[in-house]
Structures are given as C-alpha cells and as structure tokens.
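First comes one chain, alone, set out as structure tokens in the form predicted on its own.
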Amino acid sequence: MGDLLLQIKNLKTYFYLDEGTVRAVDGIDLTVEKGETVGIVGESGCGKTVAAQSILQIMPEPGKIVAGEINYYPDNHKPPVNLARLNPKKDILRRIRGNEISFIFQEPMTAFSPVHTIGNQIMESFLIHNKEMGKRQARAETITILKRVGIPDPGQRVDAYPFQLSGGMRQRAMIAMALSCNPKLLIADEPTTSLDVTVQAQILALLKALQEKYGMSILIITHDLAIVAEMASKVAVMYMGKLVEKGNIMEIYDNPAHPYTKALLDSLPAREKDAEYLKVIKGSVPDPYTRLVGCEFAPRCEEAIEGICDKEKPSVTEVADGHLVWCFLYSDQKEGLGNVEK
C-alpha cells in the first residue's frame, strides 16, 4: 500500500427537503493513494457526484455531511485534516479548494461564467492562492497553462469567452483552471461528457500525461466503466448512495461480482459485438425519497433471492484480495435468514 492522500470513512451526505430526506451518500468508504487514479462509477442519481462534492463541501444547498470522516493527508509527517469537520466558509478549507484539491466540473459551459473571459477566470485562481503574484504575471502563467493543456494560440484564446470555444476547448480550459496551482488531488466529474469519441480520447490522454508529469492523484467520476478501465487502478461502484463493489479495476473488469456491475459491463458495446441489440438494465434508479427495506438493487436484479434480498441489507464480503462486494450471492449472511432458493 502506498502513501495515503485521502481516506473517506462512512461518509453520509443528506439533503433535508420538504418532500423528505434524500440520502445521496449513505455510508461509503474509499481511499486514494498519492499518485494513483481511482474511479467512482454508477448511473445518474447514484450519488457519485455528491460524494465527490462532499470532499470540498461544495454540494448544493441544502446538502449536509451528517456523518463520517474525510481525512486528507497533505504531509506524511503531520496528522490528517478531516475535511468533513471544517467550516466551508472559513479560510482553511478555502486554501485547500483549487490549490491542493481541484475540481473539473461536469459541464464547462455552465461551470464557467459566461460574462468573463476564460483568462480572467483562470487568473483569479492564481491571484487568490498566491498573494505575491501580480496581474501581469498571472496572465503570463495563464497563457502558459493554456498552452500546456493543448489550446492553440493561447495568447489569443486567453481573452475568449466560453461560448467562443468548442466543447473540447472549454473542457481543456476547465482542466487548465483546475491545474493552475499544481494540486495534489484532481477530482474529475464526468470530464468527457458531451464530447465526441475523438476529443474524449484526447482529454483522457491529456489527463494521464499531466498526472505523470506532476505526480498528482486523480479521482474520476463517470458512468462509463470503459473510461475507468483506461484511466484508473481502482474502482468503486455506487448505487443509491451506497457502494456495491470496489477493488482493483482489472479484477472487477474481468471478474465482476455484483449483478449491478455485471449489468453495467454488459451494456458496453464492446462486450456485445455479436448481439443485435445492446443489453440494458431493466427499470430505473428508484425515486431518491424511497428507502427500500432490502438491497437497493433487488427490484432490478435478475439474480435476486426472494425473501432475502428484498428483506435484508447485505454485508460486505471479500471475494478476492482487495475485491469487496455487498451482495447476498457471496455472503454467509443469508444462511441465518432462511433457506430460500432462487
């Protein structure tokens, strides 16, 4: 095991609304080591984005961390900082945001201000985190970082507005902003959404090249296991705010254990070359206000055990070294719940 950079323990982030309580993140555990890439995978609405936002406490109102720890280890010789306990409006967390931990947001067209140039928005990051830097130097550094992420004519593009750039260029500008202060951890939330496959490949290659150059860690959030297989060494699969499987990416890719993970993989075109139609996961993610008695995936699961999966919550089982799954199919837990056959 390498040096820890981030350790999430039993994290719970809830939204208390008039309609009810949304348990967007409901007790997840995750670690990110220095220099590695970890992926979080799941359908829309499974809680992966809120989990990432919770690290920097930037989840939308009225989201609130109600339990758990987010231990950040910036220095091996100092005790960790529990980011979940920090006041989101105080300077200590503001110094970490964008400086030591950066965020690539899902949609750069809405993440950028439409009335300011991309140059001014990237310069702001330099000026906030480096009080000794003047505007002229910040502009020069902005042009340098734009060139580094592959934007042509950075001296002119620095004065462009977001709507004047293509989707791929906006995404590169968003990456430039995130990398402006050489962060230790880069959180990339769906960094290739709405991009064509050629640009998508370029963005992923850029992230890997920048990681190798700067030695930063990456936490990548996506619904696509193919992207995680290309980028990450470890993966965590989420469903309805909980982890259902996690471990080494190649172990999970070659030997998926949870029916949900299998279904995600089966829906990839590359795995169904000879099929007339792509496989789909039946049903949809339940209403966020709904709390099921048993396993959250049981209503959609083709391998669910009647009388067990719909009645009890599965505990974690280690099916291989470091390969964890939350499923009755691999657990001795079901032995005490009745002898019901599928």
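Counting begins at 1, following the sequence as shown. Just so you know, these numbers come straight off a predicted model, no measurement behind them.
Below, we turn to the form predicted together with a small molecule, even though it does not appear here.
Undergrad: Decide whether F15 counts as a contact residue for the small molecule in the predicted complex under a heavy atom distance cut-off of 4.5 Å.
TA: So F15 counts as contacting the small molecule.
Undergrad: Any of the heavy atoms of G294 lying within 4.5 Å of the small molecule in the predicted complex?
TA: Judged by the heavy-atom cut-off of 4.5 Å, G294 is well away from the small molecule in the predicted complex.
Undergrad: If you check in the predicted complex, is L56 within 4.5 Å of the small molecule, heavy atoms only?
TA: No - in the predicted complex, heavy atoms of L56 and the small molecule never come within 4.5 Å of each other.
Undergrad: Taking heavy atoms and a 4.5 Å cut-off, does V50 contact the small molecule in the predicted complex?
TA: Judged by the heavy-atom cut-off of 4.5 Å, V50 is in contact with the small molecule in the predicted complex.
Undergrad: For the interface check, one of 64-72, 28-36, 306-314, 42-50 should have non-hydrogen atoms within 4.5 Å of the small molecule in the predicted complex; which one?
TA: Partner-contacting stretch among the options: 42-50.
Undergrad: Looking at A24, L11, L324, L329 here, can you tell me which has any non-hydrogen atom within 4.5 angstroms of the small molecule in the predicted complex?
TA: The residue in contact is A24.
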